[in-house]
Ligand code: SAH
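Starting off, we have a lone chain in the form predicted on its own, written out as structure tokens.
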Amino acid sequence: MEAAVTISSRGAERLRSGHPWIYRSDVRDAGQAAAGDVVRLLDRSGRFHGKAHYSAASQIALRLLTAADEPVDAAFFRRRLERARELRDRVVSDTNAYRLVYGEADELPALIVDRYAGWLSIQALSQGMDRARPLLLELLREMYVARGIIERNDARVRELEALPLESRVAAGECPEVVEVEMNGLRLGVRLGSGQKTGAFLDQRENYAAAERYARGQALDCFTYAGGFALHLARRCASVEAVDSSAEAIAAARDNAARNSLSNITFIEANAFDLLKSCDEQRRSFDMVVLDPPAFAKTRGHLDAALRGYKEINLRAMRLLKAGGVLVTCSCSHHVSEADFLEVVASAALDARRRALVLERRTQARDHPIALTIPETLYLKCFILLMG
């Protein structure tokens, strides 16, 4: 028998607005609910509002699974997984590495499943999904012919759920490096240690978009494993790719070798310092890419993040030739598209450059955006023509 949790009128209204989270402040009575339980949501008058995963630790106490009074069982999860697969079949092309399940956007809150060629990587980021892992793993093994499934449950957000950080091979085998294909390139991915679940799958479509404008000399800052740099190198005379991580630079060099690209110079350096140095040396480029890590991990970091974004965009604009192209990104959820655009516009004014927006982009379509769940939109990408 599922426990019942009573929520406030504000919590019920939040559900009606299309958002699947109920915060602890809107839980009026948790009843007999235990960590990770599937619970029935009732308001004070006893009206049913759906079923949710309950967390005994997080400030997000409840994550809606369904608004219907239906069993949350193997058949339920299979239907959701199949629907997620059908969407990817419609929107994914030119790659065998993409996101299969994107949490709340696929009505599987706090669950991430990524495909890397013949391997699957899974993250369970709430107490409820953590408890459902054995069932989810069984369903994934039935639905996909996978050479291996790895659990990357080492994301810091699990600490908010009082869950351990761990990474393990849950099924089959997982080599140190897996090769995937993306937009006609071969990329090596470290599923056990790479960023996120192994690679930045969300930029895949932006890589291809940037390549369409590439020419001449390009500078790729925060290159990580070379995602933008490799794409640009197919059209540019030369590319300089910068990252502060020696491990990232080594992976990027390996990816360049996999694709026989010899026109990329990899530089291990702090991107802020390198941009400043290039500015002081009055160097110039036909394209500059800025794809930094999230500067605003929390709302309290927002002001510092905006200053950081303005600094790198200002310096990048000073480096670009007339008619050059700036590709500038932010993956900070707490920085809205409007905030980011305002910062970039301010940088253009200070640089005394005219900037035209060629494209306003976001994360790849395998990371779908639910209009009533702002948290599902986090990646902003502008491609600008500099006058």
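Given the structure is predicted, the values throughout are model-derived calculations rather than measurements. One-based numbering along the sequence shown.
The form predicted in complex with this ligand exists for this protein as well; it is not shown, and the discussion that follows is about that form.
This chain is displayed without this ligand, yet in the predicted complex the stretch 262-270 from 262-270, 132-140, 313-321, 156-164 comes within 4.5 Å of it by heavy atoms. At a distance threshold of 4.5 angstroms between non-hydrogen atoms, Q203 is in contact with this ligand in the predicted complex.
Among heavy atoms of S244, some come within 4.5 Å of this ligand in the predicted complex. This ligand is not drawn, but in the predicted complex it has a heavy atom within 4.5 Å of Q195.
Using a 4.5 angstroms limit between non-hydrogen atoms, F222 touches this ligand in the predicted complex. For the candidate set Y102, F228, Y116, Y309, a heavy atom within 4.5 Å of this ligand in the predicted complex is found for exactly one residue, namely F228.
In terms of contact with this ligand in the predicted complex, the residue from Y207, Y98, Y144, F76 that brings a heavy atom within 4.5 Å is Y207.
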